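Heads up, the chain shows up twice below as structure tokens, two forms, tagged structure 1 and structure 2.
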Structure 1
């Protein structure tokens, strides 16, 4: 198998224990109507015996109600469906201790958000914002959230489906994975910069170039996976790691902010730390005026 592009369902099958995938079901209850959010897949799986909620993109279908939603695009229905799955998971595990909050696995292969007229009229930005908030809340409540990029992780779609995770993993470039805000050709066109020069620059400066390797350097990815069959064991490993890191309630030990720090350490984001420190110091100097 050389890649899983567009094959979200297959990927879910590969990472989960045999026959453990129950679509649209969490804790035995159907959580979503059938003809809703066709390009998103939600449900329950077991990974190495661990019961988890899974959320992924189906690149092989389309949403008949929204013409711009196909090939794994996250549209309004999709984002709300994904958000609801998260909120239901939070609710169902509300009384459990942190060590038992079930993991949420984000299987990422999406080319973007819905760029359409209906989407703008009815506020697509709320759907994606809403999904991000749900994931952030689940993460803060102790659910280990692992995102695994198996195909395309693009721009706003990756922002809502992936970048709120505790840890982000990715199949490496050999599997055709694409992580970017925009392809370098589009960046070249819009910024009017020479594409050859951009490509050359991206080698030394990962700040805009696409690809898992660059995201890794920026602290965006915790681990690159080279062996497709080891996905489930690596995910299980990270679930474990995440639980340990979050066990003392430190919300910033994982997740976006931790990745920010990681980026600094890996020298991808170079001035972030300095700015944070500067702002904190400057505020401390005037704080008494504002108390």
Structure 2
């Protein structure tokens, strides 16, 4: 198979044990109406026998109520639906020991959010922010969260659907994956630099570049996957690694902070630690005046 672009449902089927996917159902209960948030896919699966909650994008459908939500875009309804799946999982697993809290698997293939006028008025930003907060809460409460990029992971949609994971995995560039915070055309508009100059800079500086390889160098993903048939076993491996780190109380060993350190180790973020230290020093210098 050349790629999984737009094929979130197929990817869920590939990573889950046979006949284990139950859409819109967690603990035997339907969590959302069938026709709500059409571009989001949520439910439960098993991965190598591990019961998990899965949240993904369906790039082959659209939301008839919001014309700008299609091809895997995360709109207002989709974000609420995704957040609901996370919060129900947190609630239902609240009394379980950390070792038994269910993993949450994020299957990522999204070209962005759906910033239509209606969504903006009704609260799309609140919905996507709420989903991001839900994932952060689940991570801190002990749920292993693994994101796997199977296609596009772009801009604010990746921020709410992916970057709060304990570990992020990605199919490598041979499968057409695209990861970037902002396209070079947008960077050009903001910085007033020529696209040609930014394109040349991206060849040596991963901050300006798009793609899984560059994001790996920045520490943004923990592992690149070169064999599409190994997705399930690699996800299961990372679930086990995350559980061990959490059980040892290593709070900062996973998630966004850990990936920042990883970027330094891979020489993709060589000044990060210096900047953090400078900010800490400046804060310490004035702390007594305000605290």
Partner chain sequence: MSKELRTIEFEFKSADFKEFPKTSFHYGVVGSGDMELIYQHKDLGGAAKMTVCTPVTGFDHVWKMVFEKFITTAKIGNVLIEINDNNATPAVVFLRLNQALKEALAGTELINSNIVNASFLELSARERAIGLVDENTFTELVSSYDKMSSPHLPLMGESIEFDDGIITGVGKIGEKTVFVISQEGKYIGGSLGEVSGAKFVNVLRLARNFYESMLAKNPSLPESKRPAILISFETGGVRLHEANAGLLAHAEIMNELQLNRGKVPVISIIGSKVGCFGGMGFIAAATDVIIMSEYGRLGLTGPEVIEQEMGKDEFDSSDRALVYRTTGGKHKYIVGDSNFLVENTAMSFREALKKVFSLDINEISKLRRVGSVEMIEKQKKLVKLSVDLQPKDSVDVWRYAGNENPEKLIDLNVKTFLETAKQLNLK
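None of the values given here were measured: they were computed from a predicted structure. What we label the rigid core is the largest C-alpha set whose atoms superpose within 1.5 Å from one form to the other. Positions refer to the first chain, counted from 1.
- Each of the two structures shows the same chain on its own, and it is structure 2 that derives from the form predicted on its own.
- Shown in the overlay between the two structures, fitted on the rigid core, is a CA shift at residue 17 smaller than 2 Å.
- Residue 250 is among the residues whose C-alpha shifts by 2 Å or more between the two structures once the rigid core is aligned.
- Core-superposed comparison between the two structures: the Cα of residue 100 travels less than 2 Å.
- Core-based alignment between the two structures gives a C-alpha movement of 3.0 Å at residue 279.
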